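This document starts with one chain, in the form predicted alone, laid out as structure tokens.
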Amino acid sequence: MNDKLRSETWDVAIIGGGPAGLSAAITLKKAGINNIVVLDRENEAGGVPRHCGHPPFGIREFGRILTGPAYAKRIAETARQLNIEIALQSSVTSLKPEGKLSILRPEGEIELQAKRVLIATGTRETPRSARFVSGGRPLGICNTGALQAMVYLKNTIPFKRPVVIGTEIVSFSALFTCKRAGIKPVALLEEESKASVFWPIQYSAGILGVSLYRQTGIVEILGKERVTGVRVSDGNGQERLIECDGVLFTGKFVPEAGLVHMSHLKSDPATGAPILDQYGRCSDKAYYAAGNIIKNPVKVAGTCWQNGKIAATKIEKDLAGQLD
């Protein structure tokens, strides 16, 4: 997987090997555009679903229910069967005008030139540092992505009785990950009066034996070497202590747009996402964006897959000179 890339010039370079990026690559390949490379910084392609050991994935794409890892493996294998080059351990470090990319690979830093570039780097959860939660930095604090990577990829667990912050869909995904790992959360906290998810999903917390506290926010994390508890405040300003050995921050997703912010491309100050025209093109027309980087709320894998296909059809027409 660390072999040198077969070319330094491409018709399309895709940054991100998740559902949106691989869907775009597959769609372009089937349309007859053969000179495609997918650049992914991880050791395996497939994106975030690799860390999600639960269903349902794949209904829209394959007409069957898969777990996240099975889905990720299948979409990556589909791309490889079409002889699409997937460059793993390839971290794009800068986006330059007219489709020139700087990339860090095991053999060193290289530059690629592409006629068109699709940015499909996805989204990330807001970390504790950006939520302004006071307290020290004891062991036992993480977000959903880190938890799923530890449980499904490294077979380790960071805590046994955490408090879970947030009630988005990913929060309940985290609860199922905890159940599989034998972790027993002591509480699920939501600052608003209503949970963020549709009503049937929020009741799964009770089914899993986790108490849901609305209008309750975390004030401080307690503990020196390891988390020993959290101080929380309810809607009336009343504070109390919840004993726990970890804090799991979930949701509050923001676009994974660091590359865009460091580049010449324009971004939306409110969301951080790249500014796009009606065709999905960035301010530099050599660049497109697709998937969870382009807007909130967070799109599930199947929606990202479809979004990647739409972006690919625009790129195909662009290369053929059929876009304005």
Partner chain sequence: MTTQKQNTTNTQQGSSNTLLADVDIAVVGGGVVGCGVVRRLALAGASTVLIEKAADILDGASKGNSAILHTGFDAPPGSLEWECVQKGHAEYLEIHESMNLPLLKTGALVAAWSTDEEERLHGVLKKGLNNGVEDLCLLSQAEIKSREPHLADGVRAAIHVPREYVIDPWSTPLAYLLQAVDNGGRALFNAEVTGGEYDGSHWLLKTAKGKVRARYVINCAGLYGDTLDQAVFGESEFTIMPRKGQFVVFDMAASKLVNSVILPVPSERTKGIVLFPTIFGNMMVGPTAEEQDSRDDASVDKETLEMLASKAVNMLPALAGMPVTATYAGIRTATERKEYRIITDSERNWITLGGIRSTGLTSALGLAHHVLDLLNEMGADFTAITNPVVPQVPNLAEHLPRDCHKPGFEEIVCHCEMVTKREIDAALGGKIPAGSISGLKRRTRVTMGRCQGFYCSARLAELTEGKFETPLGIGDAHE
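Residue numbers count along the first chain shown, from 1. What you see is a predicted model, and the numbers here were worked out from it, not measured in a lab.
Keep in mind that the form predicted together with the partner chain is not shown, yet the notes after this line are about it.
- Using a 4.5 Å cutoff between non-hydrogen atoms, Ser283 does not count as a contact of the partner chain in the predicted bound form.
- The closest heavy atom approach of Asp277 to the partner chain in the predicted bound form falls outside 4.5 Å.
- Though the partner is left out of this view, Gly237 does not reach within 4.5 Å of the partner chain in the predicted bound form, counting heavy atoms only.
- Not displayed here, the partner chain is approached by Ile157 to within 4.5 Å at the level of heavy atoms in the predicted bound form.
- This chain is displayed without the partner chain, yet in the predicted bound form the stretch 139-147 from 208-216, 67-75, 139-147, 80-88 comes within 4.5 Å of it by heavy atoms.
- The putative spot formed by Pro97, Ala273 and Lys314 is not touched by the partner chain in the predicted bound form; no residue has a non-hydrogen atom within 4.5 angstroms of it.
- Screening Leu112, Ala187, Ile169, Val151 for any heavy atom within 4.5 Å of the partner chain in the predicted bound form leaves a single hit, Val151.
- Residues of 51-79 are not found to place any heavy atom within 4.5 Å of the partner chain in the predicted bound form.
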